[in-house]
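Below you will find one chain, with nothing else, as structure tokens; this is the form predicted alone, and questions on how it binds or moves follow later.
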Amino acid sequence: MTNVKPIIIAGGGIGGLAAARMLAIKGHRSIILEQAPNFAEIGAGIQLGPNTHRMFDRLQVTKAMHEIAHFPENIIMLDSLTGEQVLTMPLGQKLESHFGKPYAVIHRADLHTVLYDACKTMGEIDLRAGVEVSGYTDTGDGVTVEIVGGQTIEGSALIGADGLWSKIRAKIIEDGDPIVSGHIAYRAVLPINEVPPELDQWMEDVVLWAGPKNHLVHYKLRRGELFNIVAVFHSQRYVEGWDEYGDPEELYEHFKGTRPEVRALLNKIDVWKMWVLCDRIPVKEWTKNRVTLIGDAAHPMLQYLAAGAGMAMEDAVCLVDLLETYDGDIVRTFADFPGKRYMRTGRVQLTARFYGDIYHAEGVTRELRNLMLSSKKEGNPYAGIEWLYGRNTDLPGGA
């Protein structure tokens, strides 16, 4: 059953595009309203676990993703003060054999472009940039979306995919502003030939240098042509947005005393972009009648589990699967949707907070972390991540 009026999607990011693509695959029309003047994405690298690759299959974009992604060999955690190798998780064929799908890394803009290009080919999707949603009215049998400037758009339903500061969420949940974590991320990308030689031994890995109240992550992007760098540290500074310029001197001060390899990489970057890390307390309801939320609008999370993009795409696939199960009944679909997702997404939200504490441990806590994690060399190296990467028949596509 295809709805007569299109489903309106507020937000043209990864979650919004995935929802539109999945709806179109099932024959449903949608209108994506993106407030930015163009459909584009900023940010740095994204890590793509096996669960995310199952979503690529459902969205029919796997080939395009694999052509632009990079496939590292290991995830390695190092102590940024001593250089001690704390933990190694093998990736590559070993992980793929275990989970049935690979692990990859991709630039956020590349992931967004693949989804956008896939949506552009589908007549069921109406892509509108430069259109800012100011509010909506649920009319009972449809939704009227209000646009800045005074226009309105009629739809059969509204999906809020408008991110951390979602205007749609504000009307559904009314839980105020996001929670500021006290952590700031600086991000930059280097051409691969400018990476300092001190890092040569880790060029094929995803590496996390864990330090007291800070950490640094680096890995290749875009088929190995670029080198992604994200430095995170504790700070009470607050600037809203994802595209502010950072202060290199502030960064260097917070990484004083770290290993020469860390400082050599940080010193290669003159211009950093920064964002303040925020999340929210998990909730179990994010639907009202014909309006629902997906991705960061529903369950924003800190980036320490590298799972936000995957959760948004899982949301999109799960929502459309339910719509098909219920033969196009939007109200029933939207009512049941949060119940299919909140335990999993809530676990990601809370686990990401915990991982941040682990990465930034100091003093005795840091020493105990190193001892406990380095002792886990026997048995299943994926035991701690099975719940996220392993197959689960309750999730879309058995993700």
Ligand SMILES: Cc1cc2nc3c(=O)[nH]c(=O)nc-3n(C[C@H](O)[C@H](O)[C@H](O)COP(=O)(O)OP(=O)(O)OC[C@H]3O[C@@H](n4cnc5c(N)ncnc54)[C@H](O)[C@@H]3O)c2cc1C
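The structure displayed is predicted, hence computed values, not measured ones. One-based numbering along the sequence shown.
Another form exists, predicted together with this ligand; not displayed. Remarks below refer to it.
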query	finding
Contact flag, residue 124 vs this ligand in the predicted complex, heavy atom cut 4.5 Å	no
is_contact(residue 275, this ligand) in the predicted complex, heavy atom dist at most 4.5 Å	yes
Residue 163, heavy atom within 4.5 angstroms of this ligand in the predicted complex	yes
4.5 Å heavy atom contact, residue 167 and this ligand in the predicted complex	yes
One stretch from 305-313, 69-77, 170-178, 83-91 that, in the predicted complex, holds residues within 4.5 Å of this ligand by heavy atom	305-313
Heavy atom of each of 23, 29 and 113 within 4.5 Å of this ligand in the predicted complex	no
Position in contact with this ligand when the complex is considered in the predicted complex, options 319, 185, 119, 265, heavy atoms within 4.5 Å	185
Listed residue that, although this ligand is not shown, lies within 4.5 Å of it in the predicted complex (heavy atoms), from 59, 330, 46, 65	46
Sequence-ordered list of residues in 324-338 near this ligand in the predicted complex, where near means a heavy atom within 4.5 Å	none
